[in-house]
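In structure tokens, the next block holds one chain alone, the form predicted on its own.
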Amino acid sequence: MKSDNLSHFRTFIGACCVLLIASPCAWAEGSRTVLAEQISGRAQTGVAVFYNQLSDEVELVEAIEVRGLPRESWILDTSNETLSIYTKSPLEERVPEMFGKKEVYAGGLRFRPDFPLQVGIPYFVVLNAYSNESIVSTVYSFTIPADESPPVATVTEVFPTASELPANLLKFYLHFSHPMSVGDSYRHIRLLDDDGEAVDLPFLELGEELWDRDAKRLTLLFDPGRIKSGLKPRMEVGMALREGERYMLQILDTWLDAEGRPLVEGFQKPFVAIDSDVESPVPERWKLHAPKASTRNTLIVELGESLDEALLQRVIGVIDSRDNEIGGVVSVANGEQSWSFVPDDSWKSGAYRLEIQTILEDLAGNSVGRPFEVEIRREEKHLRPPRFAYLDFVVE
């Protein structure tokens, strides 16, 4: 909560403090805050813990005025207190606290989680107060109510976009128009074979799902144990994708967004599995179409194969003859087989280089620096591929 909004929230908390004691968990429509219920520890009179949906922050605020309560009973020194947030009750089992940023500010404590809190999940807030080498802990709990407004979230894109994908495909990127709920994503994703039957456990189901900071992009990994030759899962159950067969990646509309609303509609991506790809991308084979000087025309690079979309967006750059980076906008098209660049300023005549980080991968995880299937001997582990590969071009 911003400092200039503090007086507004203090007034709100002061007015609601008696409500907090009598009915600890309440919903305030105007300010979109959820008051937390104290479930253990010494009563902290004049103090409110709540979740602010507008800023996605958990806060402890001291009431500015509480009628009938002695001032000395209020907590005034937040410098000796900390807030920790859990997804399970720390009173019942040992669980790690949530990752996030903790702040002390004039008037209270604030916790901003690294990932948005989710509707319908009980959260537990532990306030630790330190005094004379002792700790007094108080536990609060709250659950964010579901938003009953109409669904708004959609699947905007699934990468790779090509309809023919290698049988040793390493990952999908699922993009959404709105922040999504996290923690049970795999229940809403299915991979169907040509008979409409679900492929058994094709994906690596991680406890810590691979979301971006905004919870709008999920990286969905195939189980690498079923991809890499010689590993036990592949030998026992085989690869998830078989060459020449058709598949359907299905995203169900039961998936809830961060406010608890289902997707507007489900999403389906049909594709055919083709031969496995075991070779690294070779930049020297790319076709580069240089722009004209004194224009902001597009630099276009034909890659000759589909490469990893997320990496294409960030690991290729343009530098001039003095190794100065050229600012501009990157675009990826044609089934991730085309990379283009529009400079911020007009091209000047002269020599340029395309600077490619060798971590750039194709769809099967083969990087420019090393194939996915390569087995590194112990004596070779200190040998690393060069960090960059380069393509030279001239603007005239």
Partner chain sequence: MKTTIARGVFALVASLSLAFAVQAGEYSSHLKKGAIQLQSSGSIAFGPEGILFVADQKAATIYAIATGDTKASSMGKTYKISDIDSKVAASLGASPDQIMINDMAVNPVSRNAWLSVSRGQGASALPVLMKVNAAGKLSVLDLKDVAHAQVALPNAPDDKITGQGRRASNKRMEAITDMAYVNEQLVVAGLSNEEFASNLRSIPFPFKKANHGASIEIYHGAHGKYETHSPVRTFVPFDFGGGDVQVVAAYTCTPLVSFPLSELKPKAHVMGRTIAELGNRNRPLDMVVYSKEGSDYLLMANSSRGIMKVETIEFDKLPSIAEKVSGTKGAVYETVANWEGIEQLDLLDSGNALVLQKSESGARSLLSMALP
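Quick caveat: nothing in here was measured; it's all calculated off a predicted structure. Residue numbers count along the first chain shown, from 1. Only the largest set of C-alpha atoms that superpose within 1.5 Å between the two forms is called the rigid core.
One more form of this protein, predicted together with its partner chain, exists but is not displayed; see below.
Using a 4.5 angstroms heavy atom cutoff to its partner chain in the predicted complex, all of E97, Y173 and R370 count as contacting. Screening 244-252, 267-275, 303-311, 146-154 for residues having heavy atoms within 4.5 Å of its partner chain in the predicted complex returns a single hit, 303-311. In the predicted complex, its partner chain stays beyond 4.5 Å of every heavy atom belonging to D195. Its partner chain is not shown here, and in the predicted complex it never comes within 4.5 Å of any heavy atom of A351.
Shown alone here, T87 lies within 4.5 Å of its partner chain in the predicted complex, counting heavy atoms only. Its partner chain in the predicted complex is not approached by D320, whose heavy atoms all lie more than 4.5 angstroms from it. Between the options V104, L288, L91, L221, the residue in contact with its partner chain in the predicted complex by a heavy atom within 4.5 angstroms is L221. Out of the listed residues S229, S177, N128, S294, S229 is the one that sits within 4.5 Å of its partner chain in the predicted complex by at least one heavy atom. Along 188-213, residues D200, L201, F203, L204, E205, L206, E208, L210, W211, D212, R213 each place a heavy atom within 4.5 Å of its partner chain in the predicted complex.
The Cα position of P291 differs by less than 2 Å between the shown form and the other one after fitting on the rigid core. The two forms, fitted on the rigid core, differ between the shown form and the other one by 2 Å or more at the CA of P96.
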